[in-house]
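Here we start with a single chain on its own, the form predicted on its own, put down as structure tokens.
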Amino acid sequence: MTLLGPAEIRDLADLLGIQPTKKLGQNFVIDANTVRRIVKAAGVVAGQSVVEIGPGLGSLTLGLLETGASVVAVEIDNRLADQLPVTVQLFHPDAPLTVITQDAMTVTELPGTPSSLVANLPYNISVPVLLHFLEYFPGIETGLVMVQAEVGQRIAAEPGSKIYGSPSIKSAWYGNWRTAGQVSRQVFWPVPNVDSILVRFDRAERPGTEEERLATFALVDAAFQQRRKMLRQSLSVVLGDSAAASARLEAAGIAPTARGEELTVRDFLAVARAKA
């Protein structure tokens, strides 16, 4: 099966009158080898149902379909959404493709039960979109996303790291994350001014209920809004005052003088559950 190359990508963009914009994070992959590398790293196999967010002109979509998987593509741009089935039919006739023309952040239902998420995510919304899909679609068990290197490293960071923060902990609520390789800027059109990275995830059992998730995430947000402060200070915003925060932390077995970057998602959950 033939995948899209630089000439095809530019021809499609000209056909649709598309000038890639930073606002929509449109950087199209123009290298077939990179597409196949992403698909292989994602572990997509024949018969699997995959959801792709922001398929753009279809580079990655064709790579996923090449494996024999079916694809549900979520695309906010009407022009791109309308063209995608045409492109797929040309390169891979009658391939199992469903296109949803919608803002990914508003999608709460998907046809079938996709078990994997694979996407080249716009840099400005990558973390919110990931968390949204993991929250609403528990059937998504694995996935691979290409994101800005700095963002991907934060998602996969371990406690104690300087880049460990809110995205790391919130992502960890849903499963295990690891980086899966760098991606050259030169495989994109237009060439972005940031580096990209692949991040792989495998879902794990959620550590708590939905109510506990909301309470835990509120603590995480407070802790990292003032990440240099001790938790007894940063959490006083949501727990009442410094004394109340200290009492809750001690009840959870955590030192009030600790900082947010030292805690795992289960530590924050313990604070949410604790009774001072």
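All of these numbers come straight from a predicted model, not from anything done at the bench. Don't overthink the numbering: it's just position in the shown sequence, from 1.
Absent from the display: the form predicted together with S-adenosylmethionine (SAM). The rest refers to it.
Since the chain is shown here on its own, which stretch among 121-129, 178-186, 153-161, 136-144 would lie within 4.5 Å of S-adenosylmethionine (SAM) in the model of the complex, judged by heavy atoms?
Single hit among the candidates: 121-129.
With S-adenosylmethionine (SAM) left out of view, which of Val194, Leu90, Ile76, Ala204 would have a heavy atom within 4.5 Å of it in the model of the complex?
It is Ile76.
Which one, Val199, Val71, Ile169, Leu80, lies within 4.5 Å of S-adenosylmethionine (SAM) in the model of the complex by heavy atoms?
Checking each option against S-adenosylmethionine (SAM) in the model of the complex, the one that comes within 4.5 Å is Leu80.
Give a yes/no on whether Thr216 approaches S-adenosylmethionine (SAM) to within 4.5 Å in the model of the complex, heavy atoms considered.
Taking the distances in the model of the complex, the answer for Thr216 is no, it never comes within 4.5 Å of S-adenosylmethionine (SAM).
Though only this chain appears here, would Val29 touch S-adenosylmethionine (SAM) in the model of the complex if you measure heavy atom gaps against 4.5 Å?
Yes, contact at 4.5 Å.
Quick check on Asp94: any heavy atom within 4.5 Å of S-adenosylmethionine (SAM) in the model of the complex?
No.
Is Asp103 close enough to touch S-adenosylmethionine (SAM) in the model of the complex, meaning at least one heavy atom pair within 4.5 Å?
Output for Asp103 is yes: heavy atoms within 4.5 Å of S-adenosylmethionine (SAM).
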